[in-house]
Structure formats: C-alpha cells, structure tokens
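The chain below stands alone, shown as structure tokens; this is the form predicted on its own.
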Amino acid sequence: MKPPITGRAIVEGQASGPALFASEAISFLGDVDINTGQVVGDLPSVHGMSVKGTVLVFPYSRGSAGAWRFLYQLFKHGNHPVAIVTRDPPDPSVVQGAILAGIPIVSDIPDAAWGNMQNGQMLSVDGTAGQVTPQDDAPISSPPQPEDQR
C-alpha cells in the first residue's frame, strides 16, 4: 500500500472505491443525471461515465446553492459516489449534500500528488483524517459504467 496523501478533512467518514478522475470542475446541478449517476454535462474526461460507487476526483466544484439537493438525490437513488476528493475546497452546497448523504470529502490535495491518482485505481478515503490512500495491490480497473450497474 502506498503512503496516504494528506489533504484537508471536509466531511468525515471512510470509503473505498475505484477512482473516477475528472479533469474539469463538476456541478452536481446539471452535470450528473440523478436517475442513473451518469455524467451528462460537457465534461470530456468523464462524459458518459457513472459516478455510482466511485471515489469521484475532480479539481473543484462549480454550481449553485442547489447542488446539495442533487448530490443528496444521487444518494437517495443509490447512484452516488462513495467519496469525493478535490484539489480545491468544494463549495458549501456540495459539502452540505455530502454531510446529508454521508459521503466523505477530502480536499486540498497537494499539487505533487494530484497527477499520481489514476482513473480506475482503488482509493481509500478517510474524510475524518483528511487522507487518501492509493491501493498498490489492487489492480487498476475501469470505473463502473452504466451497463455494469444493471
């Protein structure tokens, strides 16, 4: 197991899953279909992929004060990411939705570590300690796709 990457604890809790690495900022209001978990926004790096069961990694959030409701609805439909990792602190609405849904968030990942996480790599997120641990022993796999989630 690689040493943990230490960031800032935003929402407490622990979760593990395959990384879904988005190069673009994400808005939960309009970029993700709450009924499927599929990314439908204009986000070339993850368009058509599902956030369901993933550790969703993206540089920063964008959106509105209603983002909390869409993140919470993803949870209620069972299509939510298991954890969120961001380079910059997420907006308060995303934090509010994550608290309601019990989705741990770690932010302020150091720039040096940002490029070392790979799509599909198993990550363990400790939102209480503010740590993200890449799992060396786990094979890199593709994040789950909509057809895999039936």
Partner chain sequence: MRLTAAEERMLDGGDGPAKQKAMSGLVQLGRAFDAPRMVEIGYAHIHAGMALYLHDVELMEDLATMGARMAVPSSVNIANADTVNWRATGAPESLARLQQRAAGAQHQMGAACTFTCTPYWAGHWPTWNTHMTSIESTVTIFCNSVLGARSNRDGFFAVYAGITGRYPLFGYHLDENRRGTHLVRVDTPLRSVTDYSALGFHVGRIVGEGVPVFEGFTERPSLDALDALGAALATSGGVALFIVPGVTPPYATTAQAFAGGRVPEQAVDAKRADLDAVYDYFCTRDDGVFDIVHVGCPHASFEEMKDYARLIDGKRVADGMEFWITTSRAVRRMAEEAGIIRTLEASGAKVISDTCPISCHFARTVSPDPKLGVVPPPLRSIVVDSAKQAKYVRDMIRCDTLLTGTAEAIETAMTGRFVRNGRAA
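Just so you know, these numbers come straight off a predicted model, no measurement behind them. Numbering follows the first chain given and starts at 1.
The following text describes the form predicted in complex with its partner chain, which does not appear among the structures shown.
Chemist: Is it the case that residue 8, even though its partner is missing from this view, gets within 4.5 Å of its partner chain in the predicted complex, heavy atoms only?
Modeler: Taking the distances in the predicted complex, the answer for residue 8 is yes, it comes within 4.5 Å of its partner chain.
Chemist: State yes or no: in the predicted complex, is some non-hydrogen atom of residue 95 no more than 4.5 angstroms from a non-hydrogen atom of its partner chain?
Modeler: Looking in the predicted complex, residue contacts with its partner chain include residue 95, since a heavy atom lies within 4.5 Å.
Chemist: Contact with its partner chain in the predicted complex for residue 99, defined as at least one heavy atom pair within 4.5 Å: yes or no?
Modeler: Heavy-atom contact with its partner chain at 4.5 Å: present for residue 99.
Chemist: Using heavy atoms and a 4.5 Å limit, would one call residue 116 a contact residue for its partner chain in the predicted complex?
Modeler: Taking the distances in the predicted complex, the answer for residue 116 is no, it never comes within 4.5 Å of its partner chain.
Chemist: In the predicted complex, which of the listed residues (122, 29, 49, 43) lies with a heavy atom within 4.5 Å of its partner chain?
Modeler: Going through each option in turn, the one that passes is 29.
Chemist: Taking its partner chain in the predicted complex, which residues of 24-42 have any heavy atom within 4.5 Å of it?
Modeler: 29, 34, 35 sit within 4.5 Å of the partner.
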